[in-house]
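First comes one chain, alone, set out as structure tokens in the form predicted alone.
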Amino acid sequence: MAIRVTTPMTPEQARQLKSGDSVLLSGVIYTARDAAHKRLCELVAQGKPLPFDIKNAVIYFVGPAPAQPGQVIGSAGPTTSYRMDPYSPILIREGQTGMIGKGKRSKEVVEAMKQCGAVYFGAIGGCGALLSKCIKSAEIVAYEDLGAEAVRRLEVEDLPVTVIIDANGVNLYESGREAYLKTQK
């Protein structure tokens, strides 16, 4: 059974989620990929405000396709998360509590998640057209010059994600593999 989570998501809420939990995410989330992450972290380093409130925010690592007529957004599948690893610890320490992507994360990201109360959600790659149906509105809020990689404010409803790494550092990519290998003995 899926757990319903509405954003903004506090560190306390993030800490209640466990690796392997199925989640239906609703509320406001933001999009950003590596070029936008770099710019956001430069603002942090300069002591300047970010173009959106990072506190208790969830960032979706996605560069959506252009919307077709009658659509809010085009295909919106997750991108590989490791490209954000140099930047994610900085944004987590600024108050970000969730990330959505695919693939492994560095130990530095996991340590920041454990210290600050954040989770890493996985979305299924290749399902971007289906995931886009959960997006009810989309507007660019920063870095329009980045095109598909501009920062967008999305309103989502029941976006299906899985907790891959929880705020305790439990990693489904590791525990799931271990569980599978035990069944093969």
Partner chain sequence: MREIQASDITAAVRRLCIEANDHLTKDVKDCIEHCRAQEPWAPAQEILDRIIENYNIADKNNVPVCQDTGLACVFLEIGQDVHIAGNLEDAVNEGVRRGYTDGFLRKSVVGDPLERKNTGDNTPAMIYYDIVPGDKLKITIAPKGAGSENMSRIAMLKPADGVEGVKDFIIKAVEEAGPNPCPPIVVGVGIGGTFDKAALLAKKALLRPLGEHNADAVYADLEKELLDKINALGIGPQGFGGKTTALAVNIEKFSAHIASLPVAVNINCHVARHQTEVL
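In this text the structure is predicted, and so the values were computed from the model without any measurement. Positions refer to the first chain, counted from 1.
Here the subject shifts to the form predicted together with the partner chain, a form of this protein not shown in this document.
Using a 4.5 angstroms limit between non-hydrogen atoms, residue 69 touches the partner chain in the predicted complex. Taking non-hydrogen atoms only, residue 148 approaches the partner chain to within 4.5 angstroms in the predicted complex. Looking at residue 162, you'd find a heavy atom of it within 4.5 angstroms of the partner chain in the predicted complex. Contact annotation: residue 156 falls outside 4.5 Å of the partner chain in the predicted complex, judged by heavy atom distances. If you check the partner chain in the predicted complex, you find no heavy atom from any of 11, 89 and 107 within 4.5 Å. Taking the partner chain as it sits in the predicted complex, the stretch 121-137 comes within 4.5 angstroms of it through a non-hydrogen atom at 123, 124, 125, 126, 127, 128, 129, 130, 133.
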